[in-house]
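Shown below, as structure tokens, is a lone chain in the form predicted alone; questions about how it binds or moves come after it.
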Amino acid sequence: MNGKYLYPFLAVCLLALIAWVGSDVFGLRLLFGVILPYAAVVVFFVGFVKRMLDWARSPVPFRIPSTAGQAKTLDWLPQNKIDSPFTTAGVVARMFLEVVTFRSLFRNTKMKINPDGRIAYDLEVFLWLAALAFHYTFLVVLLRHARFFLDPLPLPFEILETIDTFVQIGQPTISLSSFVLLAAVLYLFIRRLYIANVRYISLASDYFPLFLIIGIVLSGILMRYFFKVDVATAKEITYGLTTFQLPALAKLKEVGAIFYIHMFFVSVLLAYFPWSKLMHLGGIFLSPTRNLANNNRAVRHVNPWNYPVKVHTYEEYEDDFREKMIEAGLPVDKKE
């Protein structure tokens, strides 16, 4: 096996083993159920804010918006107002479509060589669909977990959960978002293994969050459908964490090790998030290739790195060398 994905896989398995042994064998439920989740949340928010502030303070020496359409130029040439935005409104529309529909990913193409030797380009629609399914089902899963932190549960969350669990085969009801999320992340993982050029550029840091998310989803599915956990007790624990009313140690003992494995995976993902490529969640809004208008011809972009420079103007140059220029027969603006 390739070490690029073998080591991340073993790391996630080791994390699961640590959570199981720590909570079930050594009884460190307070550590895995209270201390580590609080620490992970602190690391997540501090790291997220720090990375965003670092990016916000970074100077942009060039105006480099990525464009895929006709820029604003002569009046008789139709401008593409979204793919080559000239105004702030165009940038906002472009960013909205990028964040909500992954528009640039939908336009992504892959090159292949046909049997006759000619080069062809195909849209990577399946990658776009998998990315949409992954991100939106991840969001649904997060929102659906609000019932463990809010009491009473607001109506929009109840409606979302009703839609997500409308399929019922026995008890409990089937949560569609969990299985779609699992299928989407498995597709993204298999794609990295199957496509040679993607596998070549993939690093261990690309596989680790995939395995970690797979672990979160699998442990959640196991906890919901197979290793049944007392939902009321689990909600009491998580709600207590939200309201800073720490649960009693007796309550922590009422849930099985699978609950702490799930919590530990989530805690690791939260702590890992700000320092990983997952930070594109916030970075997309500060990317100069996306958030700048393509108005280079109309508005001068001053490099923020520029510092005051004493220049020697032509007038000063001519004053210094006028006599020699006249002797050499060079034209001058002023004779004297």
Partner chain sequence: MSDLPKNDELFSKLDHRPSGGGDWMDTPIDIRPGMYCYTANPKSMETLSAPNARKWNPMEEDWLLPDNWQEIIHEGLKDRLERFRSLKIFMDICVRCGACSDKCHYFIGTGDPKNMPVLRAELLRSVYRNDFTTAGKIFGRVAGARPMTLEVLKEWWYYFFQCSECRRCSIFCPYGIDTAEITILGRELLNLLGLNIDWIATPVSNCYQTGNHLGIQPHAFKDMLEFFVEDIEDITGVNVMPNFNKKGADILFITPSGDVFADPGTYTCMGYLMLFHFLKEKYGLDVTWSTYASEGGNFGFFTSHETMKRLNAKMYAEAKRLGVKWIIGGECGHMWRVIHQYMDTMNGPADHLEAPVNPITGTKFENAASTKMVHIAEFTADLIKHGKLDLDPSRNDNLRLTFHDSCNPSRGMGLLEEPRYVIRNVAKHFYDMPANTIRENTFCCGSGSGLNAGEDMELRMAGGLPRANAVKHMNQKYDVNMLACVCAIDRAALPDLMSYWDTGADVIGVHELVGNALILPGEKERETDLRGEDLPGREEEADE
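Just so it is clear, the model here is predicted, and its values are computed rather than measured. Numbering follows the first chain given and starts at 1. Rigid core: the largest C-alpha set superposing within 1.5 Å between the two forms.
The same protein also exists as the form predicted together with the partner chain; that form is not shown, yet it is the one meant from here on.
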Self-check item: Heavy atom contact within 4.5 Å of the partner chain in the model of the complex, the stretch among 38-46, 293-301, 22-30, 263-271
Solution: 293-301
Exercise. Give a yes or no for residue 71: in the model of the complex, does one of its heavy atoms lie within 4.5 Å of a heavy atom belonging to the partner chain?
Key: yes
Practice problem: Examine residue 325 and determine whether its closest non-hydrogen atom to the partner chain in the model of the complex is within 4.5 angstroms. | Solution: yes
Quiz prompt | Contact flag, residue 104 vs the partner chain in the model of the complex, heavy atom cut 4.5 Å | solution = yes
Exercise. Please run the contact check for residue 286 against the partner chain in the model of the complex: heavy atoms, 4.5 angstroms, yes or no?
Key: yes
Self-check item: Heavy atom within 4.5 Å of the partner chain in the model of the complex - the one residue of 87, 243, 162, 205 that qualifies
Solution: 205
Quiz item: Which residues in 51-73 have a heavy atom within 4.5 Å of the partner chain in the model of the complex?
Solution: 51, 54, 55, 56, 57, 58, 59, 60, 61, 62, 63, 64, 65, 66, 67, 68, 69, 70, 71, 72, 73
Practice problem: Superpose on the rigid core, then tell me if the C-alpha of residue 115 is displaced by 2 angstroms or more between this form and the one not shown. | Solution: yes
Quiz item: Does the distance between the two CA positions of residue 10 reach 2 Å or more between this form and the one not shown, the core being superposed?
Solution: no
Quiz item: So with the core overlaid, does the Cα of residue 21 end up 2 Å or more away between this form and the one not shown?
Solution: no
